[in-house]
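Below you will find one chain, with nothing else, as structure tokens; this is the form predicted on its own, and questions on how it binds or moves follow later.
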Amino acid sequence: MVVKVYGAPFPHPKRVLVCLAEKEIEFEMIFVDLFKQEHHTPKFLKLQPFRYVPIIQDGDYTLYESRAIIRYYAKKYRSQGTDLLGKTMEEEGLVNQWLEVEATRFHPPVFHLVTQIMFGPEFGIERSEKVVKENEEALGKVLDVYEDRLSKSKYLAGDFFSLADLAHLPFGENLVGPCGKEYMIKERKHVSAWWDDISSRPSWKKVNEACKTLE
């Protein structure tokens, strides 16, 4: 069965798509035009009352929130495609630990930088250099912790690629690309090697190609 993914070529939906690609699950992207407020329509609100993408429909099962979705598919299809959770309870514990770090430490400052630098003008948000500086400093401290961790293991949860690494791809791409903050990655030797590794995965290239048709 083909999974329906409601969203747009933005970071949160792409997080789900790259997980599906790693798990070798067929998907169909249902484009939701956020600029036309399609996420405010009664039909959309029946699926997602908080007006956010992505949403997946897997048969008669509906789920939203990107990190919940990737955990769901990593478990449901554990033996298919890339094992994104590890082979032991201890490894899975570390995967979940670093997923929480991504959500609570990495994501907030990156999100503010992306909002300020990339999407501010489109959504009528006036850029604040103070906000940019504060979040760049906050992100730098997080990446210093990553640098130490990645000096001891190839990936965040150990020597295997997992959801913890995958979750960083969409906003990491915006950071090094449109936001012009690539130096924050490149000036940290082990973070740079990790980023080059995960961002060159075939699954991520597949997702970016698929999203080009929606831009």
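This one's a predicted model, so the numbers in the text were calculated from it and none came from an experiment. So that there is no doubt, residue numbering starts at 1 and follows the sequence shown.
Another form, the form predicted together with another copy of the chain, is not on view; read the next lines as being about it.
Proximity to another copy of the chain in the predicted bound form (heavy atom, within 4.5 Å), stretch among 180-188, 161-169, 45-53, 23-31:
Of the options, only 45-53 has residues within 4.5 Å of the partner.
Looking at Thr115, Ser128, Gln80, Gln97, which has any heavy atom no more than 4.5 Å from another copy of the chain in the predicted bound form? In short, Gln97.
Practice item. Please state whether every one of the three residues Thr62, Arg67 and Val101 places a non-hydrogen atom within 4.5 angstroms of another copy of the chain in the predicted bound form. Key: Yes, because Thr62, Arg67 and Val101 each have a heavy atom that approaches another copy of the chain to within 4.5 Å in the predicted bound form.
Residue-level contact is defined here as any heavy atom of the residue lying within 4.5 Å of another copy of the chain in the predicted bound form; does Glu92 satisfy this criterion?
Yes - in the predicted bound form, heavy atoms of Glu92 and another copy of the chain come within 4.5 Å of each other.
### Query
Is there any non-hydrogen atom of Val142 lying within 4.5 Å of another copy of the chain in the predicted bound form?
Yes, Val142 lies within 4.5 Å of another copy of the chain in the predicted bound form.
Exercise. Could you tell me if Lys75 has a non-hydrogen atom within 4.5 Å of another copy of the chain in the predicted bound form?
Worked result: Yes, Lys75 sits close enough to another copy of the chain in the predicted bound form that at least one of its heavy atoms falls within 4.5 Å.
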